[in-house]
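The chain below stands alone and is given in structure tokens; this is the form predicted on its own.
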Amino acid sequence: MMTVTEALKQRTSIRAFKRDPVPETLVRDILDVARWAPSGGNVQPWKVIAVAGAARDAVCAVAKTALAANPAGDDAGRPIYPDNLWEPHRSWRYKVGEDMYALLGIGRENKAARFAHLARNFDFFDAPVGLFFVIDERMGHGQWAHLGMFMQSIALAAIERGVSSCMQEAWARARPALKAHFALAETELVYCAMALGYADEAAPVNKLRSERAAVDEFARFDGF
């Protein structure tokens, strides 16, 4: 059986999936395990909408239509990244992007190809299942953190079962259209999505492994 350490190291963002279906029973099993993720005060501030088949295709069409009308997107006032991202975070983000495009063979000058690859988010990179994570806007910062713990738990439970994932904040650019499509309550919004499926191991982009800072770069040890 896979250990937690192995799952953490093996999990990575997959950007090319096989079209093989993931059974509903397996998706339910993954969510059944992930529901035990930490939740401060047991608030459990998450909802999940799982889409496959025609429902998956419909929501892809909704996002593409919305972004065709407004290429800049509408994140409902909650941007994915802060303005003027500072160092070292800016460089880390830049490098992983350049590493990805290098694996894809897309140069910096080829803006059209870069945008086309970005647009593949809205096909879930061909994954057969998409998960949308919904949170109530009235929740505080703590609850957003707990939602992230829940998402990580899904990704780890999935990889233990041979299912790969990609957390997709790109879907935030279509928040108003998604809210309408899913008929969410007035105070609810889609935080992001997650592609779920079986990795295409032959795809060069799936060789991407983002670098991480060493422990001494982000951790401080007092009193040891």
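Not measured: the values here are computed from a predicted model. Numbers for residues come from their place in the sequence shown, where the first is 1.
Separately, the form predicted together with a small molecule exists; it is not shown, and the next lines address it.
Looking at residue 48, you'd find every heavy atom of it more than 4.5 angstroms from the small molecule in the predicted complex. Heavy atoms of residue 76 never reach within 4.5 Å of the small molecule in the predicted complex, leaving it off the interface. At a distance threshold of 4.5 angstroms between non-hydrogen atoms, residue 121 is in contact with the small molecule in the predicted complex. Heavy atoms of residue 19 never reach within 4.5 Å of the small molecule in the predicted complex, leaving it off the interface. Proximity of 33, 144 and 153 to the small molecule in the predicted complex is absent: no residue of the three has a non-hydrogen atom within 4.5 angstroms. Proximity to the small molecule in the predicted complex, defined as a heavy atom within 4.5 Å, holds among 85, 96, 104, 113 only for 96.
Contact annotation: of the candidates 188, 160, 169, 29, the single residue with a non-hydrogen atom within 4.5 angstroms of the small molecule in the predicted complex is 169. Heavy atoms within 4.5 Å of the small molecule in the predicted complex belong, among the stretches 160 to 168, 178 to 186, 36 to 44, 56 to 64, to residues of 160 to 168.
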